[in-house]
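Just the one chain here, laid out as structure tokens, in the form predicted alone.
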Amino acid sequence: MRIVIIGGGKLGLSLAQNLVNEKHDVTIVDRNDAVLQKGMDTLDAMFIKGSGVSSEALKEAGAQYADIVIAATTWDEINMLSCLTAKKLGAQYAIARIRDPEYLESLPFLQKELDIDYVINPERSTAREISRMLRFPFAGSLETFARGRVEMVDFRAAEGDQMVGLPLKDINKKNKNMPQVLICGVERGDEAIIPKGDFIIEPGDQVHVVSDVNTITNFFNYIGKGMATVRSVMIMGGSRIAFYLAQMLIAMHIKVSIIEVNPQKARRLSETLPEANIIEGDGTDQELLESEGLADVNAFITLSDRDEENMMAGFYAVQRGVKKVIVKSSRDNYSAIMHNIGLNTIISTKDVACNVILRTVRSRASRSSASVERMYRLMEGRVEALEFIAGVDEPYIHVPMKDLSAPDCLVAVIVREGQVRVPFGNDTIEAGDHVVILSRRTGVSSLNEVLKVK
């Protein structure tokens, strides 16, 4: 597909890298020479110097022939006008990054009037991801599929856990009352594994399990991880993510405190979030954290603009025994460091936005009716979890799973008429089924790409 990206910042370049890897024809438009040079040094893409609202720059970038235009600059207004200009020139589909909360209520009107096909608000999407993570304080992440019916949760296996030291095929034989979930992925050191029946879990493994909501909940109760309810949350940094997250948590009747060092931002937050406790101060100040009751909160979330400060404050919260610590990071090379010091739940706004946009691109790219519905990158991007809706008259329909091959992939669950099932050899995929797979391959946009009749 021909894709034009307007804005070569962190999100734009990350998107471009992923799209180039998936063999799309990518052009990036930006006004900054340094940004363009950085991209040219690292990407096999075309670069055009100019503004996204300039029809001449967009014509030079080929927007009139583009299948998709993605406006990802840091300015909402430029993104909206860029999409309008590109669509007027002839672009087929336009995606705009719009982040300001002031536009939230008027988005349907703006989309219609400015001919924007899809809007991504990375900060709001990140806040939604964090709010889901708080349901399982011990987990590294929680992903949902099939309109919330299926959940995928990861946790770190510990010495004494019922599944440790047993082949996967024997876990439920030895633990007959254990709710049956599918262990679909394991991260061991630098290795990402889609396990088979003879695989043995070791202490320290990061284990991904998937099943329906009730079974997942009962499974963690059974293995003693517990469902500790989050009743109080402290947030460091009064960013847009913090604003959206606070709104969501307050609606869930969770007590929220936000620490913000900027007096103007703190005052604005106190006006827009009267139910929250807004604290003006430095979130890395240990004395301030202690005086505001850090040791008593159920979760601590660092959302400042500086990764180093987020890491320092998060590490201190872990040392003080806070059960759930979530750290925002924009640098991929910090992940290993954070895991080594006990910061296992890391959120990246860039990655959240990339996942959403890549899913949309793959859905547009697929010629099959079974295109990508949801997509998550797991294990630092080495494995993808994807949801499809099976089409009519596809080659794999009615074929028993034992007669299908799926190299480097695992069919995790099938959801049919609201019922969630882990598929076995004689199970089949039928038209309309929601199918969740894990894949070590990237760029998968259709079930036909991975499911082949033997």
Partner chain sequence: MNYKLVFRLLGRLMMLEAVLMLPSLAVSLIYGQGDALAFVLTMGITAGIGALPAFLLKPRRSDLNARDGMAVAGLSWAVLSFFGALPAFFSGAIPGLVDAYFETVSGFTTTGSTILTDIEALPRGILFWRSFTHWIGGMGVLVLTVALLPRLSGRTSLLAKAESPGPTFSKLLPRMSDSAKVLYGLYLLLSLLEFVCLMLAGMNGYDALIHTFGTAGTGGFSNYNASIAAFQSPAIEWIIGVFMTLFGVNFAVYFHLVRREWGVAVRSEELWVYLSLVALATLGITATLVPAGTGFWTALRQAFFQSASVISTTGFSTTNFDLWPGLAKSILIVLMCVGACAGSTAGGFKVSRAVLLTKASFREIQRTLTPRKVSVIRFEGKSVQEDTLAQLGVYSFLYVCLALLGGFLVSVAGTDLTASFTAALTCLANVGPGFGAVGPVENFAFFPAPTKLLLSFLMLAGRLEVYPILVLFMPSLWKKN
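Numbering follows the first chain given and starts at 1. Just so it is clear, the model here is predicted, and its values are computed rather than measured.
Beyond what is shown, the protein has a form predicted in complex with its partner chain; the following relates to that form.
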(Q) My question is simply whether residue 49 lines the interface with its partner chain in the predicted complex - judged by any non-hydrogen atom within 4.5 Å. (A) yes
Q. Is residue 441 close enough to touch its partner chain in the predicted complex, meaning at least one heavy atom pair within 4.5 Å?
A. no
Q.
If we define contact as a non-hydrogen atom of the residue within 4.5 angstroms of the partner, is residue 403 a contact of its partner chain in the predicted complex?
A. no
Q) Using heavy atoms and a 4.5 Å limit, would one call residue 33 a contact residue for its partner chain in the predicted complex? A) yes
Q | Candidate stretches 41 to 49, 410 to 418, 386 to 394, 424 to 432 - the one whose heavy atoms come within 4.5 Å of its partner chain in the predicted complex | A | 41 to 49
Q. Counting only heavy atoms and a 4.5 Å cut-off, does its partner chain in the predicted complex sit next to every one of 241, 257 and 282?
A. no
Q. Which residues, if any, of 10 to 32 lie within 4.5 Å of its partner chain in the predicted complex when only heavy atoms count?
A. 23, 24, 25, 26, 27
